[in-house]
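Next up is one chain by itself, shown in structure tokens, the form predicted alone.
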């Protein structure tokens, strides 16, 4: 850009700037390749970044929760949501949910369970264990969009709470510092006024004034 040239930003028709929402990273777990492709497509349509794995065991490896040294190289990526099928061979969706909620690193990550079976005790068990929602297959686009908005709203509220907490702490620190400074200044002034030397100097000054 040449010196003095003004950078211009194109504003779309209607006069409104585009509003961007943060991209959610979703880990989708399903042993069925068909169901895995379906949920991946729905999530991508909803502007989510998606990582898919075919089992609960692979999900634990990806998250670095398998207890081994061969954890996924991608484990440092932030995961905003985990969507898992309930009925899977080996480690079920319920078992995966429990392990995630036992993890200090991922217990706050929302977990959504999917199943083609509408079994009430199973649903209640998952919700009691900490599942965000229990979706019946086939999962619909409306379900995915609703969950995404819920996650975004929760994260926005957490950021707002953290911001207020930081502001309050900063204000308390400033008040404490100001109070300490004021107290110290007051103490110094009173010390100067009460010293014997200051009283003697004042008396001598008054005597000199009376002579003239």
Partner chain sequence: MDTLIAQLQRQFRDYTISLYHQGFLDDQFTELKKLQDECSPDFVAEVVTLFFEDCEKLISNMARALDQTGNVDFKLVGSSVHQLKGSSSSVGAKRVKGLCVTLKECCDSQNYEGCVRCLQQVDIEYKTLKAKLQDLFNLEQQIVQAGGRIPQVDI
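Positions refer to the first chain, counted from 1. Predicted, not measured: the structure shown is a model, and the values here were computed from it.
There is another form of the same protein, the form predicted in complex with its partner chain; it is not shown, and what comes next is about it.
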{"item": "Proximity of residue 117 to its partner chain in the predicted bound form, heavy atoms at 4.5 Å", "value": "yes"}
{"item": "Residue 103 within 4.5 Å of its partner chain in the predicted bound form, heavy atoms", "value": "no"}
{"item": "Contact test in the predicted bound form: residue 37 vs its partner chain, heavy atoms, 4.5 Å", "value": "yes"}
{"item": "Residue contact check: residue 139 to its partner chain in the predicted bound form, 4.5 Å heavy atom", "value": "yes"}
{"item": "Proximity to its partner chain in the predicted bound form, single hit among 58, 146, 41, 49 (heavy atom within 4.5 Å)", "value": "41"}
{"item": "Residues of 79 to 109 having any heavy atom within 4.5 Å of its partner chain in the predicted bound form, listed in sequence order", "value": "87"}
